[in-house]
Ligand code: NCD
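Just one chain is shown here, as structure tokens, and it is the form predicted alone.
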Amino acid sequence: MRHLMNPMDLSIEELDDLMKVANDIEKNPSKYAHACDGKKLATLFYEPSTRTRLSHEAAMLNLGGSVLGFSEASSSSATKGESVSDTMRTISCYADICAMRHPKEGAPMVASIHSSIPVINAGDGGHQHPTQTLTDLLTIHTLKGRLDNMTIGLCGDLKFGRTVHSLIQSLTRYHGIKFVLISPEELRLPSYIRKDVIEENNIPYEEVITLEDALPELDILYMTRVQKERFFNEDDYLKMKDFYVLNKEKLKLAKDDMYVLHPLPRVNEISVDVDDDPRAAYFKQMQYGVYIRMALILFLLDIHVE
């Protein structure tokens, strides 16, 4: 039995296979419409979510399975003091696979230890968000035709952004990657990611504050929002929240084949006047998220479609 806690749990070969299946699902959805008949996905979301929860549920429904679960901790027995391990033992009696989001780092790992079904980490605090990383990798690979030899700009909240941390970790396995880390001093990438992941793998990178300076050299721009829920002080959040705003005028500085990604939700960091630009890929990214999660569910349940 396999779980997915971290994108590094998957080998390069397994990632390639998942992306091939996801691309085939996009082209031939009817072929997969009954692959999970009779299977149940439990979504245990202790933290609010729109895209991640609904895309997991859509993925299972598209495969012919069914879904159950809760969308916030207040509607679960967590309010009575039930532990994650006991909840997971219970859910293992009801479902065949589980996706869990939790505000505490490591909670899905605890769940996986006590589970008799595969567990997907759907985001744990500021730590990891592996299915978003799979979504990002599929989006980049589909749009650019490769995952190597690229300059990737990561902009915004690099300190608390679990999507950024997971993506950096995954991309270091590909040849010819360079990172441009765009953030204010207060939201810089944590030193353990910079030193233990980027520098340890001898990946070239630069840290800049101004988005406009970085745009001309980028192949991918990965925008992130400043996450209010990660701040203890609202004044600090208000000072940071509009630090970066990508608009149509700034986008003129970028290459014609640069794509803009964003894990969403956005607040103010991407102006709506960017949405119609062919380089705006963040809504396509959401659709690719369903395909890759379908492929992941099949992989973890060891279901093969010819």
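For every residue, the number given is its place in the sequence shown, counted from 1. Every value quoted in this text rests on a predicted model; they were computed, and no experiment measured them.
Omitted here: the form predicted in complex with N-carbamoyl-L-aspartate. The next part is about that form.
- Proximity of Gln132 to N-carbamoyl-L-aspartate in the predicted bound form: non-hydrogen atoms within 4.5 Å are present.
- Contact annotation: Arg51 falls within 4.5 Å of N-carbamoyl-L-aspartate in the predicted bound form, judged by heavy atom distances.
- Using a 4.5 Å cutoff between non-hydrogen atoms, Gly64 does not count as a contact of N-carbamoyl-L-aspartate in the predicted bound form.
- Heavy atoms of Arg225 reach within 4.5 Å of N-carbamoyl-L-aspartate in the predicted bound form, making it an interface residue.
- Residue heavy atoms within 4.5 Å of N-carbamoyl-L-aspartate in the predicted bound form occur in exactly one stretch of 272 to 280, 51 to 59, 32 to 40, 250 to 258, and that stretch is 51 to 59.
- For the options Thr163, Ser170, Ser183, Thr139, the one in contact with N-carbamoyl-L-aspartate in the predicted bound form, meaning a heavy atom within 4.5 Å, is Thr163.
- Residues Pro263, Leu264, Pro265 are the members of 262 to 278 with a non-hydrogen atom no more than 4.5 angstroms from N-carbamoyl-L-aspartate in the predicted bound form.
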